[in-house]
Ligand SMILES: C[S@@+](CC[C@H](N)C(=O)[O-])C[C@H]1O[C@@H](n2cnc3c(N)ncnc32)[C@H](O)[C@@H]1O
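Before any questions on how it binds or moves, here is one chain, the form predicted on its own, in structure tokens.
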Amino acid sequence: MKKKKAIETGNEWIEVRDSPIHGYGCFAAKAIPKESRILEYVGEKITKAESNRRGLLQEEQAQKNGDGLVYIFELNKRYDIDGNVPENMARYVNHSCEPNCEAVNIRGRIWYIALRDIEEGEEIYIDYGYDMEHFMDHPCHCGTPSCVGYIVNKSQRWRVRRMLARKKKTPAQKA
């Protein structure tokens, strides 16, 4: 596989380069202290209706080419942010079941905040927090001990574990 070139970010905290999890990822360019604002999720502010339209279109395109290309982030009950713009380096932050950052809405702006001290060279992760609906469409490759194999909200992971355990038992019971 051809190695991708790193992307210039203009952000002192991060660099964007190949990720072992998925495509590109954001990595700490230097040590980042706990509770630091690392980067902002930027893009076009759109209504929920437009968000749904774009999201379905982007998901359809992503399924055709095998990439995860839906960069829409929930802002509030009325609006979302479509982060599919070149200046949005935050779109390269991958999911992990054991994130080192969290997305926080601060006065209508989405910031990625360090949950703990992050070492130079470490990849930046957030928990995407997807709902159970269509969870099988979103496999997780983070490889952490708490990973259930799918990108799903932490509060719902027990359900996925239970469903997968039942699924495993079913063929054995038939034998």
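All figures in this text were calculated on a predicted structure; none of them were measured in a lab. Position 1 is the first residue in the sequence shown; the rest follow in order.
Quick note: we don't show the form predicted in complex with the ligand, though the next part is all about it.
Just to confirm the contact call: exactly one of 138-146, 103-111, 29-37, 47-55 touches the ligand in the predicted complex at a 4.5 Å heavy atom cutoff, so which is it?
So the stretch in question is 138-146.
Is there a heavy atom of W13 no more than 4.5 Å from a heavy atom of the ligand in the predicted complex?
Looking in the predicted complex, residue contacts with the ligand do not include W13, since no heavy atom lies within 4.5 Å.
Report yes if any heavy atom of I21 sits within 4.5 Å of a heavy atom of the ligand in the predicted complex; otherwise report no.
Contact with the ligand, yes.
Using a 4.5 Å heavy atom cut-off, state whether I151 contacts the ligand in the predicted complex.
Within the cut-off, so yes.
Can any non-hydrogen atom of I81 be found within 4.5 angstroms of the ligand in the predicted complex?
Result no; I81 lies far from the ligand in the predicted complex.
At a 4.5 angstroms cut-off on non-hydrogen atoms, which residues of 88-122 are near the ligand in the predicted complex? List them in order.
Contacts from 88-122: R91, Y92, V93, N94, H95.
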